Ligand code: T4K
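Consider the single chain below, provided in structure tokens and representing the form predicted on its own.
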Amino acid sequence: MIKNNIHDFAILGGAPVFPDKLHVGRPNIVNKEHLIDRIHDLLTRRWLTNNGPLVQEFEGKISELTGAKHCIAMCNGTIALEIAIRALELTGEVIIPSATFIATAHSLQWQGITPIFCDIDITTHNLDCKKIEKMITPRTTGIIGVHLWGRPCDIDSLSNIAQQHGLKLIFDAAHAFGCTYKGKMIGNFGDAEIYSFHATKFINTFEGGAVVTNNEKLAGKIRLMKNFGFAGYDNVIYIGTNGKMPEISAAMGLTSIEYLDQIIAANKRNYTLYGELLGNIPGISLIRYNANERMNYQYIIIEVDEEKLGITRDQIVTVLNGENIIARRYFYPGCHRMEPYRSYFPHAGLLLPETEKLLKRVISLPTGLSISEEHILKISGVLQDIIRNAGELRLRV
């Protein structure tokens, strides 16, 4: 059933469309039997961590899939980013977007490096390369581009800027596993790229991440750093930390990767259906993926034009949540409006007009293996009814 009467909305006293909550980022669980077999084997071996055979196999599989020469698996994507930053000896200031998960900024600030927020291109949602050079100062040592929603940055322009100014270039590829740029797999660009395999990602290791790079010297340094600096038994030759991925995480990752194509196909099916159902609604626009590139279609992102709809993005999200459709306002309100950055840079928003505009418009809708065609039909129907009743809902929500 789809709501057809304003009084049916749960927020006004009706019953929710869905009895159970449909979450954005609900984990994809694939073949439980294969996973349990791998867990049984690792328990039998009693090799639970410290670069076990499953971690080595997982790293090899990532390198094979991406074409990158080196993959260093980590306990999570944030630690992977922090270690890459430290291994590249970044200092001073590093330019990043504010339209990203807070870990991108924290990975710098945690190490005493100042994140400098640059505005985005409102069309691509990624760093606006035309504005980056204005942010470069004598203290700037690097740029971190974020492939938001899995859509690659303008890698060529960022690479040119980094080269011209002698800057290191990292890509936060947390959203972009399995995606390509000009036909080449993400994972082969900049000095290093960082993946996240968190439970919410379409390929997950429960918790996990990885650094991928084609720089052999950098890869060797990162391997030392993620294991306390050990270069063999009782031989510490470098300062390091504990960033190791445990075997059970690699077991989940390997099992997920076995179904990579099926998961992407399900994501694309969901994206296509949402597009058919929402594509002709004035004031609602679904982000577009480049059909000429390999995409993972991991995110269903719509932008809301409040002036056309007569209802705010936040009001829409409130009504959706009331129907147990747990939509998200990614990545509201932006890193620059979170602590400690809003205290450090209270007027940063003046330099980020497109970022502020975007983050007031974006809604992420549920997708993944747990979302069926029937779910999408109902979610889209609720959205259509919200818009149809926008005037009255605006007064009540």
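What you see is a predicted model, and the numbers here were worked out from it, not measured in a lab. Residue indices: 1-based, along the sequence shown.
One more form of this protein exists, namely the form predicted in complex with the ligand; it is left out here, but the text below deals with it.
Though the partner is left out of this view, residue 299 does reach within 4.5 Å of the ligand in the predicted bound form, counting heavy atoms only.
Interface membership of residue 27, defined by any non-hydrogen atom within 4.5 Å of the ligand in the predicted bound form, is confirmed.
A residue is said to contact a partner when one of its heavy atoms sits within 4.5 Å of a partner heavy atom; residue 96 fails this definition for the ligand in the predicted bound form, lying far away.
For the chain shown alone, residue 200 is a contact residue for the ligand in the predicted bound form, at least one non-hydrogen atom being within 4.5 angstroms. For the ligand in the predicted bound form, the listed stretch (115 to 123, 221 to 229, 256 to 264, 201 to 209) containing residues with heavy atoms inside 4.5 Å is 201 to 209. Between the ligand and the residues 319, 73, 153, 174, the one pair within 4.5 Å by heavy atoms in the predicted bound form involves 174. The contact residue chosen from 315, 78, 249, 270 relative to the ligand in the predicted bound form is 78, the criterion being a non-hydrogen atom within 4.5 angstroms.
Contacts of stretch 310 to 338 with the ligand in the predicted bound form, defined by any heavy atom lying within 4.5 Å, are made by 326, 328, 330, 331, listed in sequence order.
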